[in-house]
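A single chain, nothing else alongside it, follows as structure tokens in the form predicted alone.
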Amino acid sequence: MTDDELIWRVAGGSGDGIASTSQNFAKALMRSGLNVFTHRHYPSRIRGGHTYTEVRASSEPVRSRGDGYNFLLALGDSFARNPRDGAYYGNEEAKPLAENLDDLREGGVIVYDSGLLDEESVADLDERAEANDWHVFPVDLRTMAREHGREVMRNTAGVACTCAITGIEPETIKSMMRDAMPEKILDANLTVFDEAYEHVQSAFDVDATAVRVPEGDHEEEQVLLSGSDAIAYGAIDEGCRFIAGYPMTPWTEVFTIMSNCLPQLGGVSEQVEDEIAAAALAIGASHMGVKSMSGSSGGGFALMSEPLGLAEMSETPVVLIEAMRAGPSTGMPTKPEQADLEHVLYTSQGDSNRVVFAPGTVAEAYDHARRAFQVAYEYQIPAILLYDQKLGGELVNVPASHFDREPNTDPGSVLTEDQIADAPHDASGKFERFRHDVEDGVSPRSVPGQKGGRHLVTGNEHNAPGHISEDPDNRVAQVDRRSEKLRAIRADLDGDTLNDAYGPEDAEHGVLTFGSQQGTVEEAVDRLNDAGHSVKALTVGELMPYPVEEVRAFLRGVDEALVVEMNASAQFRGLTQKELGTGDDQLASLLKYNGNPFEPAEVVEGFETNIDGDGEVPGNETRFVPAAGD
């Protein structure tokens, strides 16, 4: 066991305060100078169940969840509906201990609440602990909490045990508690903390363990954010002042953040009856001149297909969010997957025109959100942000300076009344909103209320002033003009790419991915290069229009490439082959779709399987699909 990182997993039941405890713990470690990354796992059932969160902390930058973990705080599930072994879902009370041992590293630490759990919760705990050199600390957290207040305070006691064992300075946590807790519960929690800390120090030999918190120091101020936070703040900074939506995991987090913030900024948030109404309201608000957004997860986004087509045909700019989760249908609502790619690219009717961005990191989620609004409102086109539960829920420290930029309220390609007066109008006086002869396919628009800007808007094909038209020449001209936007957008993006190249430019092998797997892939690339391989990576964040030339140049420089994605049908590999018109013999796939995101070691193993040519990936978590002809 090394002390270069602490990977702390706190496990309990839904309702036991796991999320808030882990978030405050991560924030405290960040404030102490460490880099942090969290990974959250929670059940899809409304009735709750076993949940855990990992906090990975290191003096070095961390971009991914780790390979397993080295410290388990097992609180037990105090809300377990059925604590019997014979129950359908098993002994739920004991699951936070019993179901978390397979990933615990050799030499790791276990602290469990002996007030709720006992050694019989895991029949072979002693044998496994001896075989893996685990250090086990049974502590009656429940009794400590009850003596001084409420049972939920056993979380505080568990964090105190963690500090005593790993060498975290108590004041690091206490300072966070003073900032986060209301005064009426603060003193009791501080008392519980001190009692648990002193108990572990006196009752156990904490020096026998090798798990220690590393030391670190930040050169500049850091903030702790999730991808959902970053998307919402990027939208707000880019001038979004209207959102409509209907709750659906995991998109709900963005919707909630926006709903809390917009009223304070003079904006509007509307929760409506379904996703069709949500997208339609956002389109209506945008038509009136307000920067607007809506969104959902897979099933809800499917309902947005019709209004998405309306936005495309009427050339009404709007930003839509699609937060992927495991499907189809309800699937696994709280588990990450990247299987909605084709759905987002191709839903709607006819020859559709849209832009699709997929941020790979929390910092990029902010950048992509701002770029989505810029492109949507400059080119009068729907822009879609595609992400997943992993990126939306993980917390990462980001330099505060990353967000130190001017807000942008520019409405895009909207004419002033003076410009409208000089623009073409038809014989009836209507503004020619949808002219054929324009640059980059963008016919400047007016908004309701502008003098001289009156025109018609319809979901039917239409002529320049907006009247329904089925004239063949007009149809071809309008389709060609709308399609021209994607070529112009591609040229703009080529000048300021959202794709991320990583590793030595002259590497012999490549790894290709998109979205939330970026950090995991980059950590794997570092390990592979340290092991003597020659590897580089490219994370594609621009999915439509696809960066054909950039990806082609990346693949031209490598012998072969492994495509890493979280789905069963290799959708991103298929998109790449479709757009490039080649790649069958060069691209292999590493797929994972069991509800858990990749760990760096899995990418390393997949890469070595690809170059070794044996076709067998160790373990049963991932699936390897070789290139054609291998």
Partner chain sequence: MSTFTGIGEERASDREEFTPGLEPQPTWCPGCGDFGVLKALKGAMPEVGRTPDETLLVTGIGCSGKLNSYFESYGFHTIHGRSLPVARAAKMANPGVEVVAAGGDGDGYGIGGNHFMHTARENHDMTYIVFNNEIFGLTKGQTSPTSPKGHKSKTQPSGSAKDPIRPLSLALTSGASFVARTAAVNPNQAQRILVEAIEHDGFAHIDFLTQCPTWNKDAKQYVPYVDINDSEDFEFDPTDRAEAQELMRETEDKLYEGEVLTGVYYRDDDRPSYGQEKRAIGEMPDEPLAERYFDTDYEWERSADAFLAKHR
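Residue numbers count along the first chain shown, from 1. Here the structure is a predicted model, which means the values were calculated and not measured.
The protein also exists as the form predicted in complex with its partner chain; that form is not presented, and the subsequent description refers to it.
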Contact with its partner chain in the predicted bound form for Cys240, defined as at least one heavy atom pair within 4.5 Å: yes or no?
yes
Classify Lys451 as contacting or not contacting its partner chain in the predicted bound form by the rule of any non-hydrogen atom within 4.5 angstroms, answering yes or no.
yes
Taking its partner chain as it sits in the predicted bound form, is Ala280 near enough to touch it, meaning that at least one heavy atom pair lies within 4.5 angstroms?
yes
Taking its partner chain as it sits in the predicted bound form, is Glu270 in contact with it (heavy atom to heavy atom, 4.5 Å or less)?
yes
Sole residue of Leu543, Ala285, Val442, Cys163 within 4.5 Å of its partner chain in the predicted bound form, by heavy atom:
Ala285
With its partner chain left out of view, choose which of Val438, Leu186, Leu101, Leu456 has a non-hydrogen atom within 4.5 angstroms of it in the predicted bound form.
Leu456
Using a 4.5 Å heavy atom cut-off, indicate which stretch of 260-268, 352-360, 493-501, 189-197 touches its partner chain in the predicted bound form.
260-268
Triple contact flag Arg31, Asp426 and His467 to its partner chain in the predicted bound form, non-hydrogen atom at 4.5 angstroms
yes
Of the residues spanning 214-249, the ones with some heavy atom within 4.5 Å of its partner chain in the predicted bound form are Glu221, Gln222, Val223, Leu224, Leu225, Asp229, Tyr233, Ile236, Asp237, Gly239, Cys240, Arg241, Phe242
